[in-house]
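Quick setup: one chain, the form predicted on its own, written in structure tokens, and binding and motion questions come after.
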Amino acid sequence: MSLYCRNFSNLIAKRCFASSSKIPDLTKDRYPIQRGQYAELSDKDYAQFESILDKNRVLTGSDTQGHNIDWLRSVRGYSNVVLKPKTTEEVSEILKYCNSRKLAVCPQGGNTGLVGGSVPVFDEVVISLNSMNKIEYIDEYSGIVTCQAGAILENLESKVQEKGLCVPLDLGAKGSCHIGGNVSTNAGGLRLIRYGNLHGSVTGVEAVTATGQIMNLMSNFKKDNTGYHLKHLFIGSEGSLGIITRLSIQCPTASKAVNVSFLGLNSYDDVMNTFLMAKKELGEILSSVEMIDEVSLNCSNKVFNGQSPIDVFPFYMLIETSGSNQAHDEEKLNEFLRKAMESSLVIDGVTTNEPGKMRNIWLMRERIADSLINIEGYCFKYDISLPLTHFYEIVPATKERVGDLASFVCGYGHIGDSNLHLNVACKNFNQEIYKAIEPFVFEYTSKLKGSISAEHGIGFHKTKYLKYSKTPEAIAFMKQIKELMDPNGILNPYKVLPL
């Protein structure tokens, strides 16, 4: 086991569209779906929006195109207006009006979602939170941070780091995703094994309902046990019950000692046993455990001109530790690595605590998602939770299922919390491969008692497959909640719940 000493390119992975410049088909043409009974925009509506916002915050025409297409280029709406409020009160006025007119709306953050939840399906009014990006207050004593929903995750991380804190969420899309969008989808991220999901970290939210009512559910305390925890209705509801405009979140103290190891392994069984050993040997300092298969890493390095610091292996693991005593943590990490290699679980690997080198290792993992949609032209992406004993089996099963229809099939993800990202790459979207994959992937997941959505949400793509993870009774109750909170169904229609 040697210290990592290679330099990667200075290229920083950016969220970008697929290499193909082709604009995707309209969602209504690609998928069998009918427009709901919503009103259509009139000149009076535009005039009303301009009376609520400055005229330059009401986008029309070609300025709306980027807001109509998702990052994957898998869906496309045809909204004619994008509204950019700066305050919760402006969001309230917009929703009051849209509800009175029965105009459907689509809340939108950084538009980095992977399930078609953040763009219109038809001609919904887009409410972009890009301008609601203030970081209002950081309490370094309690670690509670208050901000608007449009704050970019990376900017929020930079601000809290100045106070010796860290955001309990880290994503490859952190340079463009919004913290409000993260909360609305209950994003998981790279360090869920250490910090848990956002339901546990968010102490309060401010949200606007479909009728324009402002729900102030903010709290600056982890312990606030007063009545129903209504904030949880909005966390993970993907803008279908209300639009989150502000939030408060618990940010833990940043670790003083961080180490990263990148390991090569010969089989998935070795990956699983190495993870078990890591939990036992590293315990409280274990902050992230990622698994990457050979195809995924090859794509990342090919597209971004990277180079692996170790030889080629069928599987790789990225293990991070975070603590307060570098000598103590290094001793534990070295002992773990010694045992893993003596047991022939790990064949080769590198480890480092130098910030630049750790970042380069993380880049190999973080830029996989970008590389997969750029290397071929289209990529079907599935975000599922599976029992660890069967975690990787779906990858070869899917590969056998699609055969020559796909360019390749690969898998990577957060083995630390049982979350696999399954990817099927092809030249272009086509119905033959689509029908071969769906509902096969969700049926396979359901048979293993897994979840069809680990952290990306349901969005537009998975509504008809919700039944594979939730009972009819649960879905019916969700619909009752939706009808109560959004009687006209204007909030992010065609998303989350089956029609």
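Numbering starts at 1 and follows the sequence shown. Values in this document were obtained by computation on a predicted structure and should not be read as measured data.
Below: the form predicted together with ligand 2HG, not depicted.
- Checking Lys332, Arg194, Lys84, Arg365 for any heavy atom within 4.5 Å of ligand 2HG in the model of the complex turns up a single hit: Arg365.
- Shown without its partner, this chain lists Lys357, Lys231, His421, Arg76 as candidates; in the model of the complex, only His421 has a non-hydrogen atom within 4.5 angstroms of ligand 2HG.
- With ligand 2HG left out of view, the stretch that reaches within 4.5 Å of it through heavy atoms in the model of the complex is, among 261 to 269, 217 to 225, 316 to 324, 412 to 420, 412 to 420.
- Of the heavy atoms in Leu114, some are within 4.5 Å of ligand 2HG in the model of the complex.
- When ligand 2HG is considered in the model of the complex, Ala369 lines it closely, a heavy atom lying within 4.5 Å.
- Interface membership of His67, defined by any non-hydrogen atom within 4.5 Å of ligand 2HG in the model of the complex, is ruled out.
- Residue contact check for His456: one or more of its heavy atoms lie within 4.5 Å of ligand 2HG in the model of the complex.
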